[in-house]
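Below you'll find only one chain, the form predicted on its own, shown as structure tokens.
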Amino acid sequence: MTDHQPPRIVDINCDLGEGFGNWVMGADADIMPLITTANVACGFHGGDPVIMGRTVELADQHGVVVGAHPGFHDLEGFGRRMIPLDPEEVAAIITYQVGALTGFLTARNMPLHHVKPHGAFYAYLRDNETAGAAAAAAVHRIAPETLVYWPAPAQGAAFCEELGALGHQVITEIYPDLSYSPEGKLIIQRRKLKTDLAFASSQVKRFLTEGVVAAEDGTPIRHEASSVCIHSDGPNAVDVAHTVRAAITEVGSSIAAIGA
């Protein structure tokens, strides 16, 4: 038994705009109407100027708030390979990518809603205190009032703690289409696999009703979060989006963006 109460409002965020040139990545047009919050690739791990512009326009059409999804400069590896950087480089790639997306948002009179590091870059900022602090300072300089999205837990991550101290709200999230280690860390897939829809539904419902998710070995992991993250590049991504929406509403919660 648990006294955990399901949140009344749940945010659904999704990584989008991750194609490049003629290469299509993700079912963006089908998923956009099913989410509240878009994490848009900024050209380093995926995306390009035309795709960024089109993704922002699509989000605007569906009333979806937009955040920057900066990653390692690694198109071939889709930003899922570790690339050690010095603090100046970390700050520079954050500034470059967030600045690029902000330009497209400004052109449509849309605000930058949040910043959310992508893939291996997230793991690097989580595990490297110096890099995390440099990235936090860069985010604060270029977007001093923006939210920050981060896979739960945020405790112990210099990136999140530095930004929290600077007044940024850190929105933590759980993942129904990825696995967790028994220690509670998110397991990054090098290539997105098909998601078990029953598992995704179970993860969302259990989190909302009990405050826990199941690790890959079944260990219950307690997390505090207010958002559910899904991905557009999985083989059954649209089905996952519908499944997550159904799971949220079935426990009596509503779906809406945070602070929009």
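The structure displayed is predicted, hence computed values, not measured ones. A residue's number is simply how far along the shown sequence it sits, counting from 1.
Heads up, the form predicted together with another copy of the chain isn't pictured, but that's what we're talking about next.
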Original post:
So, 130, 187 and 211: all three within 4.5 Å of another copy of the chain in the model of the complex by heavy atoms, or not?
Top reply: no
Original post:
Can you pick the one in 247, 12, 25, 237 that has a heavy atom within 4.5 Å of another copy of the chain in the model of the complex?
Top reply: 25
**OP:** Heavy atom within 4.5 Å of another copy of the chain in the model of the complex: which of 170, 166, 110, 82 fits that? Just give me the one.
**Re:** 82
Original post:
Only one of 96-104, 122-130, 152-160, 178-186 gets a heavy atom within 4.5 Å of another copy of the chain in the model of the complex; which is it?
Top reply: 96-104
Subject >> is_contact(residue 54, another copy of the chain) in the model of the complex, heavy atom dist at most 4.5 Å >> reply: yes
Original post:
Could you tell me if residue 42 has a non-hydrogen atom within 4.5 Å of another copy of the chain in the model of the complex?
Top reply: yes
Original post:
For residue 49, is any heavy atom within 4.5 Å of another copy of the chain in the model of the complex, or not?
Top reply: yes
**OP:** Classify residue 145 as contacting or not contacting another copy of the chain in the model of the complex by the rule of any non-hydrogen atom within 4.5 angstroms, answering yes or no.
**Re:** no
Original post:
Along 160-180, which positions have a non-hydrogen atom within 4.5 Å of another copy of the chain in the model of the complex?
Top reply: none
